[in-house]
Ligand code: NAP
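Here we start with a single chain on its own, the form predicted alone, put down as structure tokens.
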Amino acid sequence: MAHPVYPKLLEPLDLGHITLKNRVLMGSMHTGLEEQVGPLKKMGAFFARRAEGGVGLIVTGGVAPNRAGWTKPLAGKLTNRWEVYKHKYCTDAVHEAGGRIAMQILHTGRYSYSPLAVAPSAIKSPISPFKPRALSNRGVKRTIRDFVTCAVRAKEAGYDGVEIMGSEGYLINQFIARKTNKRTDSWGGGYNNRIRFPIEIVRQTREAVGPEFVIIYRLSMIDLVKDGSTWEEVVELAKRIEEAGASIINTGIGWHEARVPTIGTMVPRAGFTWVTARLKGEVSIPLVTSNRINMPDVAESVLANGDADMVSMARPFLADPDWVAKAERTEPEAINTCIGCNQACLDHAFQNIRCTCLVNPFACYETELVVHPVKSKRNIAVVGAGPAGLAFSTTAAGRGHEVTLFDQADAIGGQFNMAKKVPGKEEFYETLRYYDHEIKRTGVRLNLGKKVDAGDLSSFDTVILATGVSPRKINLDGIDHPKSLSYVDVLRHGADVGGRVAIIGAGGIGFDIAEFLSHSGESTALNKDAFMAEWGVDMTYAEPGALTKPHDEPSAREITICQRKKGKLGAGLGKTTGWVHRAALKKKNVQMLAECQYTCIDDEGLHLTVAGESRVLDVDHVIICAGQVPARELAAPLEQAGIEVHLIGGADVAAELDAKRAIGQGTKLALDL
């Protein structure tokens, strides 16, 4: 019987030799668990938890078929019997949990962060310091054999299939595109030669693994780089890949070096499913679509519209391993939604840190962060219903403590209530919806609109101060001038801001204020067509790579961001999204000044020196985004009264309003008490 709310999403998919229980594929993402020394028990626990949550088919992070294909030295690979043994711990765990799992075979090519890097041509990538060596004809054939051997090893390790990574600008994609394949032999030149490499990999893999083994081919359906594939070439390759023996074609969107955001929170939900929809009818095997699908209603709509046969989601299963189970129970309000921030997943991966999730610190720490019922119940007061306080309260109450959560505001959320107003950060509404549900589910006593003092808290065993931060007031002549505003005045209190603005501070808050003030009308994160136009994506696919001239919408205001130190503004922003924020503001002609020394604010505007040169910015307002200080005035009187006090979140460390740290700290403290 079809599900009453999500009939397409939860419909089984028959692949002939196996049937998947629903249309949900957990897409590949590198977590760092692939590099674990010894048996892959942590990786197994991570994927088994998602299998328990009901995912139809899981795809692992990329595993190299040889050392040249490593993402970095000593990264995960599968080439020998010992590595087969390691991987069996993962596949056994998933199968015991009732799931199915495929291993992604990933050869990074010129993207490898290694001196062993190889590519079709010796062309250096802009995202790796190592220039690759061009593969010889013999080397190409050996690499194909390595892919095949890796697939055979994956089958021996117990995987239900493999995904052959042919997109995102990795080695296979490098062979396909004119941009990176300058060969003149039988592996280069015309399109038929350039696609021989992926076709031979799929054909020979099918011959080696037999008919009852899933082969997913990840096809780059839109390269988003100059000299990428044309739409006609994409269609031809898809047909040839089907003929070669693929079971499923998965959608790849954009190369890693593309200057179009594809997975950040500023990308509209399901913003690229139109690309997969274009391929429907051209092949008969199932098509999977991907990117920024994070809630069941979005996924159901994509499938009901006929855009694809399955939906792929990776980071949403970092955020909530029970995503599918909650959809089955028709409880979307209970889903801890991926907000597309990248802060704890992709940013960690690029820093060689184990991935986790900003909104779910348990992700990738399943064997270390374990929820146990309390042995001794405490009566706990939590002051502050921002991210840290919410995480602590719901986790502690879920363990069995009695928790009362106070906040002087009339709504939960703290600093998130400012962040959610910034264009491109609308997903923060989802996090607050989730915590509202968790407060009710775990039995937290919520007391809003009440500013407490030490006397109000004297009856509690333990007090958690999650009182957040206050804007740091800088020492500057004229700081109290009417032109001077803090970011709180703007985002929380809705202060009227003039048409000419200077922003002091180029951290995350300064950039958020610039985004907020430079926009007028609907956020492009909520409008697919406007987003594609802004970033120069041609939805008619008239040119190779589907690029066109970006549409730059002028800012509603003249804005200048200033920072004291030398160097690029926004250098401390996220590793994988900082460039997006800088590029978005550049499109709006936001000016950025480094090496600023501030003199005063007066009727003329902001007086300052820039690299030693005196200037006056004739502005209507100066927005101060120059840091924060902890708001922890209650700590001393509570400690003097002999009450156990813990500081978490901004009340502990005020730097950059770090929600990742706040939620992680609140969660871990709740597990320890």
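The numbering used is simple: start at 1 and walk along the sequence shown. Just so we're clear, the structure is a prediction, and the values are computed from it rather than from any experiment.
Missing here is the form predicted together with this ligand; even so, the following discussion is about that form.
K.L.:
Please check if P268 has a heavy atom lying within 4.5 Å of any heavy atom of this ligand in the predicted bound form.
P.N.:
No, P268 stays farther than 4.5 Å from this ligand in the predicted bound form.
K.L.:
In the predicted bound form, does K375 have a heavy atom within 4.5 Å of this ligand?
P.N.:
Contact check for K375: no, nothing within 4.5 Å of this ligand in the predicted bound form.
K.L.:
Under a 4.5 Å heavy atom criterion, is Q628 part of the interface with this ligand in the predicted bound form?
P.N.:
Output for Q628 is yes: heavy atoms within 4.5 Å of this ligand.
K.L.:
Flag I504 as yes or no: does it have a non-hydrogen atom within 4.5 angstroms of any non-hydrogen atom of this ligand in the predicted bound form?
P.N.:
The answer is yes: I504 has a heavy atom within 4.5 Å of this ligand.
K.L.:
Tell me, out of I509, L78, I559, C364, which residue has a non-hydrogen atom within 4.5 angstroms of this ligand in the predicted bound form.
P.N.:
Of the candidates I509, L78, I559, C364, I509 is the one lying within 4.5 Å of this ligand in the predicted bound form.
K.L.:
Looking at R399, K425, K86, K179, which has any heavy atom no more than 4.5 Å from this ligand in the predicted bound form?
P.N.:
Result of the distance check: K425.
K.L.:
If the criterion is a non-hydrogen atom within 4.5 angstroms, does every one of E52, R100 and T330 touch this ligand in the predicted bound form?
P.N.:
No, because E52, R100 and T330 lack any heavy atom that approaches this ligand to within 4.5 Å in the predicted bound form.
K.L.:
Only one of these stretches, 165 to 173, 282 to 290, 102 to 110, 509 to 517, has heavy atoms within 4.5 Å of this ligand in the predicted bound form; which one is it?
P.N.:
Flagged stretch: 509 to 517.
K.L.:
What residues of 543 to 564, in sequence order, lie within 4.5 Å of this ligand in the predicted bound form by heavy atom?
P.N.:
Stretch hits, in order: Q563, R564.
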